[in-house]
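Just the one chain here, the form predicted on its own, laid out as structure tokens.
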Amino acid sequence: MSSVPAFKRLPRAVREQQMLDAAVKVFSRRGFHAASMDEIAEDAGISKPMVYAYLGTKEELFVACLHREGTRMMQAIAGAAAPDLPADERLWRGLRAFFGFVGAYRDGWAVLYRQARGEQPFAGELATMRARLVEVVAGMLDHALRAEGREIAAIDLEVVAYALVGATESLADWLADHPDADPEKTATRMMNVAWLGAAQLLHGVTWRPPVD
């Protein structure tokens, strides 16, 4: 009797998603270096040669995981924030979609934010995704400013966008560690911090250091 495992034939796209699901879990649990292709194959219920045949080396597999999770995140945000909404509602919906993604895909967030940021060349992939997110936030703020008949220097807009994205990422990391936390309530907390500051900016209110 043959000892070779029999695998159910599935469409390639379905099989690849199974492999990526398993890889995200293992990378999240073990980290890139400690994760093994044997464990990923076992979690996916397939043979290790099939993982290599479909998605390449461990490095290529990790990049594929980054791209899938990053695309999921950006699609969630872009689909939530319609351009014709008021500025505060656009930001709120974007935050709610972002934290909803983190709540639904905690393993995916761990791979994106924790595993990738300290590893080259993966940190470069993450930096590219973050830059796209900063562009989205800066665009939302610029749109709101123009609706108010105001403009600010591009560098100031970029700095505010980076600050908002950085704070949101940090709170998302907290959410990933607290499975009982409600993503929508977390988005509301972030909105209270972010929008109070952004609303002041939109109305031209700035803080200046005291004169010595």
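Residue numbers run from 1 along the displayed sequence. It should be emphasised that the depicted structure is a prediction, and the values quoted were computed from it without experimental measurement.
One more form of this protein should be noted, the form predicted together with another copy of the chain, which is absent from this view; the next part is about it.
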Among 50-58, 24-32, 65-73, 143-151, the region lying within 4.5 Å of another copy of the chain in the predicted complex by heavy atom distance: 24-32
Partner contact for residue 43 in the predicted complex: another copy of the chain, 4.5 angstroms, heavy atom: no
Residue 39 within 4.5 Å of another copy of the chain in the predicted complex, heavy atoms: no
4.5 Å heavy atom contact, residue 105 to another copy of the chain in the predicted complex: no
4.5 angstroms heavy atom contact with another copy of the chain in the predicted complex for residue 171: yes
Contact at 92, 166 and 197 by another copy of the chain in the predicted complex, all three, heavy atom at most 4.5 Å: yes
In the predicted complex, the one of 79, 118, 124, 86 near another copy of the chain [non-hydrogen atom within 4.5 angstroms]: 118
Residues in 139-170 close to another copy of the chain in the predicted complex, defined by a heavy atom within 4.5 Å, in order: 155, 156, 158, 159, 160, 162, 163, 164, 166, 167, 170
